[in-house]
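Shown below, as C-alpha cells, is a lone chain in the form predicted on its own; questions about how it binds or moves come after it.
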C-alpha cells in the first residue's frame, strides 16, 4: 500500500511525466501518429494531383486526417498500462481524477505536436492558403481539445475489450461528431477568407468543457471497475 500521499497537482504531474518517459522509450504512439499523418496526407496529395480544393473539402480532409491519426495512437494511454501490468499500481498510488487529468494532458500534448506536423504539410501538399492564422489556430486548439477529451474517456472504457482499437474508434466518433462537424464548418470559413460566427466558437468551447466535466464525473467509476 502507498505510504506517501501525493497532492492532486503532484499526482497529475507524476502521471504526465510517467507517460512521457514511457513514450520516449518506445515512441509507439508518436511513431503511429507521424506515420499515419504522413501516409494519409501524401496519398491525398497524389490523388488530387495539385488540383485546387474547395474550402469545405480541404477543411474536411484536414479534420479527417487529424481524427484518424488520433484514433491510431491515443488509445495507448490506457492500453499500455494494461499490457505492462501497471494498472494496479496506478490505482493504488494516484487518485482517479489525477489519472484522468494526467492522461488528458498527455493526449493533448501529443495532438498539439501532431497538429504542428500535419498543418504545414497540409498547406504544402494541398496548396492551401490561410490568412486568418489566429482564428485557424483557435479552431485547431478547440478541435484538438475535443479529440483529446473524448479519446481519453473512451480509451478508459476499452481497457479490457478484446478488439480495443476498433471499439475505441467506434465509441469515439459518435461522441466527437458534433465537435467534428463544427470544426469542419469553422475551418472551411477560415479557409474561404471569412470568420466563423462567435456562436460556433462558443459551441466548440462549450463542447470541450462539457466532455471534460463528463470525464470528471464518470472517470472514477470507469477507473475502479
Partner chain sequence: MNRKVIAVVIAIWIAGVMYAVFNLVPPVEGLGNLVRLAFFHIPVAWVSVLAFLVSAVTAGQYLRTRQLKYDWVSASSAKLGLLFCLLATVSGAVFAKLTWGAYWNWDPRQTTIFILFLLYGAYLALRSAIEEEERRAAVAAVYALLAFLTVPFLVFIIPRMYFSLHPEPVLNSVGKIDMEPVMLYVLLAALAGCTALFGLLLSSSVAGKTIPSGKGMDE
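Residue numbers count along the first chain shown, from 1. Bear in mind the structure is a predicted one, so any value in this text is a computation, not a measurement.
Absent from the display: the form predicted together with the partner chain. The rest refers to it.
Residue-level contacts in the predicted complex: of 161, 44, 35, 195, one residue has a heavy atom within 4.5 Å of the partner chain, and it is 161.
Proximity to the partner chain in the predicted complex, taken as a non-hydrogen atom within 4.5 angstroms, holds for one residue of 48, 167, 64, 30, which is 167. With respect to the partner chain in the predicted complex, the three residues 173, 178 and 182 uniformly fall within 4.5 angstroms at the level of their nearest heavy atom. Although the partner is absent here, residue 13 is not a contact residue: none of its heavy atoms lies within 4.5 angstroms of the partner chain in the predicted complex.
Taking the partner from elsewhere, residue 53 is found to have every heavy atom lying beyond 4.5 Å of the partner chain in the predicted complex. Looking at residue 114, you'd find every heavy atom of it more than 4.5 angstroms from the partner chain in the predicted complex.
Though the partner is left out of this view, residue 22 does not reach within 4.5 Å of the partner chain in the predicted complex, counting heavy atoms only.
Only one segment in the set 128 to 136, 71 to 79, 98 to 106, 149 to 157 has any non-hydrogen atom within 4.5 angstroms of the partner chain in the predicted complex, and it is 149 to 157.
Along 191 to 210, a non-hydrogen atom within 4.5 Å of the partner chain in the predicted complex is carried by 199, 200, 203, 206, 207, 210, in order along the sequence.
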